[in-house]
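Only one chain is included here, represented as structure tokens and corresponding to the form predicted on its own.
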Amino acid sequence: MTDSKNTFYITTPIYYVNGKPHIGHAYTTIVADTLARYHRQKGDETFFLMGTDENSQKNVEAAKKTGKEVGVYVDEMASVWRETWLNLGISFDRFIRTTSAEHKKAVCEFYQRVYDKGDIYPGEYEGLYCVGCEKFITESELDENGECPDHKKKPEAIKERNYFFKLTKYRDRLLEHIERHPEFIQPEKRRNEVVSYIKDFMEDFSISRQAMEWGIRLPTDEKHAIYVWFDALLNYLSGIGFVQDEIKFDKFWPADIQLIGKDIIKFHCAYWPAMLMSAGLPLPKTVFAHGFFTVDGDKMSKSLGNAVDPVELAKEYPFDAVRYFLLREIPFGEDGDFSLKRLQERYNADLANDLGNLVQRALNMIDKYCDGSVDRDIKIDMPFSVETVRLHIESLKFDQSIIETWKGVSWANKYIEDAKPWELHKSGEHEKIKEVLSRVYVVLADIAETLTPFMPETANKIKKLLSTEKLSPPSEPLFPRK
């Protein structure tokens, strides 16, 4: 995912502000934060971009329901989203808003480049448009009731004169790029879906709307607003200084990895690279489309009222525990199920019993039997591979990375049980006790390092405990049982 330039640029999709963040948004964000923290830990100059998609018809409809002006509504909701991530400890470097002046400037400049290339033309669109999806859909995509299967509403029939982007002009170049760079679209099953779409279904797409009063105006025709997907994708450029900070832009573009949900692969893996080709810009190295959640086996939706609020969840469990659960429980890229019952089980078994108890016991015995002093430089054969942990992170196999780290946790717990320092104390074998607990100490130190990207608050607590001159146990358990 990286090269010799030693920089790392990662993005999440920008989120609509027509509702509050839920656990699905948190999942993508946690993965991005984990990767950003990992690359900072490696010493890479890292830029982590996220933000809000505000020029959407969804947001207009949501504002109407509240009785507020759209501008007031999106300002309030963007603040809610930004504060949510800050409160949950997400380490983004920039929070981009698509209503910002710099984003608008970047969009207009990008549009002009594509227009000057001859890739934009006027035409008439007639078809079905789903506001919930913010996209045109075909009748074959509707359910048996003639409704959008995702939003359970009949799409609007639209006929209007718009401007179109020559997407089909780039069909062969897209297919060639994907074939030459299979890492561009991950995982493989998503890449296959995109290739099928490009080959058999891809058409030029409308990039403007006459009827929209909200949004960025078309530089070449003020009567039109730019279609949200042509506008929103450009945040990945405007967020790192496109046309406004050339030094930063040249340093970080192209993105190393762009994280998205599998529902928006068409936009990110066909529209987006073709747009970049048209504008003469390099393509991102990897776009990774992850799966979706169910909640206790049911699809997460507003109508079912089962959307999990990460802020409320963090009041019941440390957010590090939520991070651990999502990254350990669901292999990244696959669909998964979120369950409070499973979260509690993993919290008690893995975090309270295994890790938390290990830290408490080890430091308590070091304090009790060794007067808080061990050989911090003792050389041992590590029971888990830090390099394997890193390789799994680089491959986005977060569950496997944690499993490898937990080999160290399991080893240390078993080693203490087998060595029985309390028995050694009774028989006066003080040097042996110090050797045993020194071994446990250095394993704990490596565990804290490898956990830093996944569970930053917990890792820092352990590091702080291990860095004191005279070692002593924490005053409170790291993970009180639930």
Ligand code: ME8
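Numbering starts at 1 and runs along the sequence shown. The structure displayed is predicted, hence computed values, not measured ones.
Just so you know, the form predicted in complex with the named molecule exists too; it's not on screen, but the next bit is about it.
Novice: In the model of the complex, does residue 229 come within 4.5 Å of the named molecule, counting heavy atoms only?
Specialist: Yes - in the model of the complex, heavy atoms of residue 229 and the named molecule come within 4.5 Å of each other.
Novice: Give a yes/no on whether residue 292 approaches the named molecule to within 4.5 Å in the model of the complex, heavy atoms considered.
Specialist: Yes, residue 292 sits close enough to the named molecule in the model of the complex that at least one of its heavy atoms falls within 4.5 Å.
Novice: Please check if residue 264 has a heavy atom lying within 4.5 Å of any heavy atom of the named molecule in the model of the complex.
Specialist: Flag for residue 264 set to yes.
Novice: Report whether the minimum heavy atom distance between residue 452 and the named molecule in the model of the complex is within 4.5 Å.
Specialist: Because no heavy atom of residue 452 falls inside 4.5 Å of the named molecule in the model of the complex, the answer is no.
Novice: Look at the stretches 23-31, 421-429, 65-73, 439-447 and give the one with heavy atoms within 4.5 Å of the named molecule in the model of the complex.
Specialist: Heavy-atom contact with the partner occurs in 23-31.
Novice: Here the chain is shown alone; which of 236, 319, 92, 111 has a heavy atom within 4.5 Å of the named molecule in the model of the complex?
Specialist: It is 236 that has a heavy atom within 4.5 Å of the partner.
Novice: Among 212, 260, 148, 314, which has any heavy atom within 4.5 Å of the named molecule in the model of the complex?
Specialist: Only one listed residue qualifies here, and that residue is 260.
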